[in-house]
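Next comes just one chain, in structure tokens: the form predicted alone.
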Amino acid sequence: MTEFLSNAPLGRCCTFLTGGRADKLAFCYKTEELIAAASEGALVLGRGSNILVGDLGYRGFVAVNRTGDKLFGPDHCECDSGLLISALAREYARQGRTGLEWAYGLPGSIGGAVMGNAGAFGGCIADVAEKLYVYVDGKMRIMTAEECGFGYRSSNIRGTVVRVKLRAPEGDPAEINAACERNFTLRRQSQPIGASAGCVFKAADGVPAGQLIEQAGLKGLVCGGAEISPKHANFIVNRGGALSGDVLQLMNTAAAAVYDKFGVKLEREIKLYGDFC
């Protein structure tokens, strides 16, 4: 039986490490627990790597998805949506499977990755997705990749992703491991270390958002405990003690500055939940 917490802090469930409290919080380690929470209308979170929760908290039920089973077949992998995508990428490499080299070292869960069609280094989850099991409108729906409407960092998936079937063909182990190490090194070299939620904005007409924000002169801009990273301008980092309001202020400042200077409207990758001051 799932245990519930009342007035529970959500900051620990989000990679920004900010945000208020939820009226009701549960951690779901089994698919049946996840489905039960979704059927109650819970806001389902994965690893909290692309969200910002308001400082005034979330007035409702939040379920944190910690399901993590996986099973490899001859040329595919079926896994729970709560599994860390970086952990699955490591397992792909260990077994000599190809298709997730781009995700080596990437934060977030499989469920979040398919909802937002996560990607990097020329690859994305849509390249390997075959089938999704999604709980929506009170029943389980099986969706093909074509039905998911994958686009650039987007999909038309509604509901709660419960389980995913991915292609996992065998490849050359040396090439796979070399690609994984190369991508991991590139991440370390180009992205800041610390509490953040990854890229804040989507690229605009093929132009990296970080490039536009940097050209607007905002690298290193600080608001409270939050900072637009001096290393990569499309990252906002919690330097310690940041509030979600600090992060949101920097997001809004960056979007406004880029629009004023270039006439480009930046679209957030980060989703906002709860109540902000």
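Residue numbers run from 1 along the displayed sequence. Because the structure is predicted, anything quoted here is derived from the model rather than measured.
If you look for the form predicted together with a small molecule, you will not find it shown, but the lines that follow are about it.
A heavy atom within 4.5 Å of the small molecule in the predicted complex is found for one listed residue only; from A36, L221, L43, L56, this is L43.
The single contact residue among K131, K202, R187, R167, judged by any heavy atom lying within 4.5 Å of the small molecule in the predicted complex, is R187.
The chain is drawn here without the small molecule; in the predicted complex, the stretch among 90 to 98, 110 to 118, 169 to 177, 69 to 77 whose residues come within 4.5 Å of it by any heavy atom is 110 to 118. Using a 4.5 angstroms threshold between heavy atoms, R141 stays clear of the small molecule in the predicted complex.
In the predicted complex, the small molecule sits within 4.5 Å of a heavy atom belonging to A197. Within this chain, T160 lines the site of the small molecule in the predicted complex, having a heavy atom no more than 4.5 Å away. Mapping the unseen interface onto this chain, N234 falls outside it, with no heavy atom inside 4.5 Å of the small molecule in the predicted complex.
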